[in-house]
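In structure tokens, one chain follows: the form predicted alone.
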């Protein structure tokens, strides 16, 4: 921008402040703003001045919060041919439908909601699990061989391996050979652990203990991927391992928890050897209390049939037939 344009803008700002009584006039103020230093000083004076009330004659935009339910799920289609059918469709899903448009572009509210949800998803990925929550459930920390969050996102394979220090800590602090070993990890959503763990974990532990199942010493794993269950199973010699881990956040629900379970996971086991209950959240998914009951039931089946994943499906199908 040319220097003359900058000086004209600064002079206009100063004149407006004087007219509103927010800047006192002096001989020095009347001098032309002809040097960069005077432009800087005038700008600093404007920045330190009290805020100017908006001119009521100037129109401004004031939109409601697009993340509120009545705004998030509002029908934005103008003059729909089947209003009742569209309303039923809107009520049947949390997907971004019926938002409407302005010409070929999304509406401002739709864009703001998308940007807000994207920010929430990023916060979930880069967030941290609260220390108070881990202390509440007496979960000590160990880590995989991953060193930081960037490496965790770029190298999923490293998140499947416990560090040597973690293995030593587990050997020192954990019960050996329990029927069920519970571990927790932030995964791709620390918010999932922060928001859901307090509700689901007591349901699981109380339910398993009530059915006579022995539990190992629970702990938390930093920078973990699902495959870390194999190292956990080998380190604890547990019959079954339960991993509660944050799911990849979406642009609507960013705090969903997954419960992965496996019978005697050891190096070499794959997803085919695991069972999963996903989308555990009070934001439109499986309620954490209900999800905890499902986990207990599935672990009981796993212990009874001494199998998980595809093998458990085959065992239960054969028992039913």
Partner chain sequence: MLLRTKLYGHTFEFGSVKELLAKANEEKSGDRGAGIAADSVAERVAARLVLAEVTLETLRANPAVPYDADEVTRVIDDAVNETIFDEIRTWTVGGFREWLLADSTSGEMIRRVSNALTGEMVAAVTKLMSNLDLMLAARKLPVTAHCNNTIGLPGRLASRNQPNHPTDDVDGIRAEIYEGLSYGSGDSVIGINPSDDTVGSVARLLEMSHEVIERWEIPTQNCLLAHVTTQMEAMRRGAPVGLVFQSLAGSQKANESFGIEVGMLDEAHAMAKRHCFPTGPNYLYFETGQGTALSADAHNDADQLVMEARNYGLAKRYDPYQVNTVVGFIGPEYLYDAVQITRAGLEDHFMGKLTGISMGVDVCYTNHAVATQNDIENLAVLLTAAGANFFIGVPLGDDSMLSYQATSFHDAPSLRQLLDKRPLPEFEAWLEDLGLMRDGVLTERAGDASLFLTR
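Numbering follows the first chain given and starts at 1. Just so you know, these numbers come straight off a predicted model, no measurement behind them. In this text, the rigid core denotes the largest set of C-alpha atoms whose superposition between the two forms falls within 1.5 Å.
Just so you know, the form predicted together with the partner chain exists too; it's not on screen, but the next bit is about it.
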* Let me know the one among 97, 143, 133, 215 whose heavy atoms come within 4.5 Å of the partner chain in the model of the complex, would you? => 97
* To do: Could you check which residue among 105, 176, 173, 209 gets a heavy atom within 4.5 Å of the partner chain in the model of the complex?
  => 105
* May I ask you to state whether residue 310 is within 4.5 Å of the partner chain in the model of the complex, using heavy atom distances? => yes
* Do residue 286 and the partner chain come within 4.5 Å of each other in the model of the complex, heavy atoms counted? -> yes
* **Proximity of residue 249 to the partner chain in the model of the complex, heavy atoms at 4.5 Å** => yes
* Using 4.5 Å between non-hydrogen atoms, is residue 110 touching the partner chain in the model of the complex? -> yes
* Partner-facing stretch of 201-209, 74-82, 228-236, 178-186, counted where any non-hydrogen atom is within 4.5 angstroms of the partner chain in the model of the complex -> 74-82
* Just give me the residues of 263-283, first to last, that have a heavy atom within 4.5 Å of the partner chain in the model of the complex. => 270, 271, 272, 278, 279
* To do: Return yes or no for residue 84: a CA shift of at least 2 Å between this form and the one not shown, with the rigid core superposed?
  => yes
* Rigid core superposition, residue 211 Cα moves 2 angstroms or more between this form and the one not shown -> no
* To do: Establish whether a shift of 2 Å or more occurs at the C-alpha of residue 198 between this form and the one not shown, with the two forms superposed on the rigid core.
  => no
